[in-house]
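For reference, the chain that follows is the form predicted on its own, supplied as structure tokens.
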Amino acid sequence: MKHLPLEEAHKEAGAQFVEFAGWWMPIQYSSISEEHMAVREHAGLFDVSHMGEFLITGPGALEFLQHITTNDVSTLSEGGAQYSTVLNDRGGVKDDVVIYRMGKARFMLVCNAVNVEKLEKWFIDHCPSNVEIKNISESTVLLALQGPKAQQILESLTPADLRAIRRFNGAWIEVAGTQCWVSRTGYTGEDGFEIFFVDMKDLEPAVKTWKTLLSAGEKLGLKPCGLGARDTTRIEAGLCLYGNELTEDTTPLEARISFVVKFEKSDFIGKNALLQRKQQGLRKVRVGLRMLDPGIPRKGMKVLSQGEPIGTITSGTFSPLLKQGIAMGYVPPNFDFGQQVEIEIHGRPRRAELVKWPFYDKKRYGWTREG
């Protein structure tokens, strides 16, 4: 079992812990619902240092990433960030990743904790001699500040102009006296920042920043948040989780994240398999589901149409914002948004509607909110 470098700070904040992906992680501090609504209405601070990070450098770094991932890395300017996938030869997803271009031939790739060892082996197996790959996962602390007041809170800890960091970009800036890589991507649907303490030998600056952020944001409604709120917010936003919506047997086309696949670029691993899948037609597609009857959908539950199984729930929860059950899952492509289906909950079919994500009103919540 791996432990977060900031574990003692989380205990001080009242965290309850669970095992997740081989890590001992905070699941909540107060309640999942309270933390969830803090992210939607104010701000939440997550410690997601369990995520994996790789530094990829050298003259062949760009070409290597072009071959190993599906998105077009060549479009990234320095400071740019990109959501992408790493595929197996069958077109299935080995992991979904975020790539940061830190310099002309210097990149940082962030992956899911459960896939660090798998990806490290995959990268080494495909790595040319002019590329260096360094796994910095265990020496990197990653904090995520999410919510509509995130910028206001972080501004009090940095002399940098945070407006200069646009969505899906990053930069080296000083935070609470320490140089950090700060990006603006997010996994909650909200605006916010990722604060990377990259390949650190001394963890004290990260501990200090965690505590300073909580103190600076207290009057603005900032709450420490655990994995529970991270999961409910990302489901409301319709974002994939590896092992749920994404697996080695699921393609990005089926997951409806085809925007990360650039067929027009040079050959990449899994490209031919995806092209063949497109020609043959997709077997399943990811959909959102909103409960019409009472009930909370959960992973593994069956999706029914007129009593017959047509698919499976991959993620489900009770939405603290909407006060109803919501889910994502896979159904045949002939089922369209707006159609009614049933979800088998505790042996009984409960009515649900196929819907698009995010589940919330984008004018009122999320990074696209108005006003």
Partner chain sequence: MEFGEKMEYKIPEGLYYSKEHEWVKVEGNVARTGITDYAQSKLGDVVYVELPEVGKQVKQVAEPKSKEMELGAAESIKAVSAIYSPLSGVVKEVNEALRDKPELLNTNPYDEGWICVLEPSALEAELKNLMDAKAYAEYIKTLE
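Positions refer to the first chain, counted from 1. As the structure is a prediction and not an experimental result, all values here were calculated from the model.
The same protein also exists as the form predicted in complex with its partner chain; that form is not shown, yet it is the one meant from here on.
Quiz item: Is F335 a contact residue for its partner chain in the predicted complex, using a 4.5 Å heavy atom cut-off?
Solution: Output for F335 is no: heavy atoms all beyond 4.5 Å of its partner chain.
Quiz item: Is there a non-hydrogen atom of Q28 within 4.5 angstroms of a non-hydrogen atom of its partner chain in the predicted complex?
Solution: Judged by the heavy-atom cut-off of 4.5 Å, Q28 is in contact with its partner chain in the predicted complex.
Quiz item: Wondering, does T317 line up within 4.5 Å of its partner chain in the predicted complex on heavy atoms?
Solution: Looking in the predicted complex, residue contacts with its partner chain include T317, since a heavy atom lies within 4.5 Å.
Quiz item: Is there a heavy atom of R350 no more than 4.5 Å from a heavy atom of its partner chain in the predicted complex?
Solution: Result yes; R350 sits at the interface with its partner chain in the predicted complex.
Self-check item: its partner chain: the contacting residue among S33, T312, S305, Q339 in the predicted complex [heavy atom, 4.5 Å]
Solution: Residue within 4.5 Å of the partner: S33.
Practice problem: Report the residue, out of K211, R106, R167, R298, that has at least one non-hydrogen atom within 4.5 angstroms of its partner chain in the predicted complex. | Solution: Of the listed residues, the single hit is R298.
Quiz item: Are all three residues Q146, G221 and K363 in contact with its partner chain in the predicted complex, where contact means a non-hydrogen atom within 4.5 Å?
Solution: Contact check failed for every one of Q146, G221 and K363.
Quiz item: Hey, of 327 to 335, 42 to 50, 340 to 348, 59 to 67, which bit sits against its partner chain in the predicted complex at 4.5 Å between non-hydrogen atoms?
Solution: Single hit among the candidates: 340 to 348.
Practice problem: Check each residue of 279 to 294 against its partner chain in the predicted complex and list those with a heavy atom within 4.5 Å, in sequence order. | Solution: Result: P294 alone.
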